[in-house]
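Given next are two forms of a protein chain, the same chain in both, each as structure tokens and marked structure 1 or structure 2.
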Structure 1
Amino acid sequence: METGELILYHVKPGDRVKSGQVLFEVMTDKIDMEVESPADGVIEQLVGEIGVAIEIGKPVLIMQTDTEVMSFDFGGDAPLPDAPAPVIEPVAVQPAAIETPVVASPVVIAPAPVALPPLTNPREIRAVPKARAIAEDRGIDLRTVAPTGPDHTITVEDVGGNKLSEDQIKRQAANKALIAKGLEMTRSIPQISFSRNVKSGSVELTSVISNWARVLRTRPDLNISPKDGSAVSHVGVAVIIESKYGSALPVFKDPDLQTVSELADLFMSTAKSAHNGKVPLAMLSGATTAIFDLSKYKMNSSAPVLFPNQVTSLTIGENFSGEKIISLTIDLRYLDFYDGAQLLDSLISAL
């Protein structure tokens, strides 16, 4: 897609909009697409002209945001904690894939407590060439570095190759404060968690994504809209994927209606993009549930966090015996104890 024809505005200057509210519609050669607002704010100016083809990346409208936008990078620095009266710059909303900076976890490169025997073949450790060069120059044993790249590959960031600027560090602090504030909202939700141990071979992430969507499709009352809490016809599975910035949350729409190979290809391409901080615009909304995979860290699954307007959430963990642990958290305003237990049992049976 190189251009899109602007066919309809749903807002006008001066309108106050909420995150997820449809702003405008674009017609491409393949599909008509609704573009949603990435944040709460006020429409300042309509830039695009109805009926005119607009190049990807050109502004369509300008809005003032009420808060920092963590899931998008529109340019400029986010306001910092304790900063005096920040001036919020206009935000240009574009009908295109938008880079997604998310909160980065600090990189810890720990030296081995004891001398490690030499590797027979150093190439046994997955690492990008530049990371190998940096590690050799700095005397870092790659066996002591936790990989964050795809397929457990050590990246440049893992060996401290790309240092964050002071401004970036401050922006991350501001974003962390926003995330903490958002998670505080979940404490008021009456919830309970269930866990089951399952054979490792039966738990593959794309299989969990597909089967969990299939289970939830039998309970349409659990698939609710983040806009108003009403039931929706689709199942949107947000998968928390590790990226070089921290975490990204692409949403897979109706994954149970895709073939195994289609979903696997989509997941691999999305994970690769998310690792680099980019998620397509169409995959940044519509989540009705979430999955967090901790299994590669050999961690027991913790109680999943319920995101606002999501009734269920899953975490996949793994113990040192190789058993996978799947945990389900439910909102007790929509489900009772037995409903939750039955949902988890249905998922385990499907796997």
Structure 2
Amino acid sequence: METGELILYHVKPGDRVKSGQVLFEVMTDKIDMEVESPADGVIEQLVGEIGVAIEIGKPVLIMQTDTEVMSFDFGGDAPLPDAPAPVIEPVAVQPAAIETPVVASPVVIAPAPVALPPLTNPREIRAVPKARAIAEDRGIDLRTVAPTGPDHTITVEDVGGNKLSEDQIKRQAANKALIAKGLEMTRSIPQISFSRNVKSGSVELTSVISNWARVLRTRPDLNISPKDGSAVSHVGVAVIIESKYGSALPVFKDPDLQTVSELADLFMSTAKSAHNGKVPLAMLSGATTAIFDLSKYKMNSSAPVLFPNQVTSLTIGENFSGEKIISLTIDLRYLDFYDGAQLLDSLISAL
């Protein structure tokens, strides 16, 4: 299947929609289906034409979502932050997943591609390597940039490299506010942290993600729903990574059921897109635990922070002599002291 015929829009520009609300219907040669909104937001523009086939991957409508794309969904009754109004780019909703509606794949959200003007012979323009990379990333034609560096060379500053845009500043503030609000909720939870040095084994981040999920899978009671605290059937590992809008927490669902190379590839591509400020909406919710890899900064934290509706949280640290340390924080309402210690022990044995 390569196309789907647009049958009907259920919304019009200006409509406020809720996550899960039906946006439009498409007919394919296999199935007719309703496509739901992946997030709360406002419809901006209907792009498709009724009765006309739309290729997979092409936008059907453009909406402005309420959820911060870079943030994460605390779920349940988590309070919304007093963050500034969302200022995110429109998100194109695409019918990419309709080929496999049975397994209910999430609708893929992708940014509208930026058209790059073709560059002249790059050797005609003198620029430092990083400036070229930034220009390409942002679609800046280097012919339009006035060089201020020695020998008429375009510097990083000339392409706006070091400055945060206003949009970036706003988004970083909103992101911090959201995380801070969430952590305020967990501050009063009775909790305790354990640490242990890892003498041997692979303490690569992806290996920890996968093994930690494997350990938590043996304890379904520790993977809880944000709605009512009941057990859920998946393990969602939120990994704290850097992005241009501040900390991002993409959620890797059931990473232990993937092969090592699948997970590594997914991690690499997610980290890369997060770096550029994009995390697929489908990866913003469903976390049941969190991991922060501090060893890449050669640091250690003995007390990982608990995120809302999560019973456990891990950090990977590194001490002075380069030895890795794994620290675990547990919610004592769900786990006993010795339970928690055993959990950390199981992880380290698995590694």
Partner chain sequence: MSDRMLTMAEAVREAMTIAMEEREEVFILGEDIGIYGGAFGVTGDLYHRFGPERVLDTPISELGIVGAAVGAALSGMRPIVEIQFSDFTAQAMDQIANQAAKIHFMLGGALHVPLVLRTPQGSGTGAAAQHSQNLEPWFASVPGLKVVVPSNPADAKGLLLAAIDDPNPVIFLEHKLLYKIPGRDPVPEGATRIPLGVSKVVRTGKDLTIVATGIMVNKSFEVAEKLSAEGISIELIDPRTISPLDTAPIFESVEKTGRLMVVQEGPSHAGYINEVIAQVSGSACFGNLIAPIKRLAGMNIPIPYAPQLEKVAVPQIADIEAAAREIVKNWR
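Rigid core (definition): largest C-alpha set, two forms, superposition within 1.5 Å. Residue positions are counted from 1 along structure 1's sequence. The model shown is predicted, which means the values in this text are computed figures rather than measured ones.
Form selected (criterion: the form predicted in complex with its partner chain): Here the form predicted in complex with its partner chain corresponds to structure 2.
Core-aligned CA displacement of residue 238 at least 2 Å between the two structures: No, residue 238 moves less than 2 Å.
Cα displacement of residue 317 between the two structures reaching 2 Å, rigid core superposed: No: residue 317 shifts by under 2 Å between the two structures.
Rigid-core frame, C-alpha of residue 11, shift of 2 angstroms or more between the two structures: True for residue 11: a C-alpha shift of 2 Å or more.
Once the two forms are fitted on their core, CA shift of residue 47 between the two structures in Å: A shift of 12.9 Å at the C-alpha.
Residue 130 CA shift between the two structures in angstrom, with the core used for superposition: The alpha-carbon displacement, core-superposed, is 2.7 Å.
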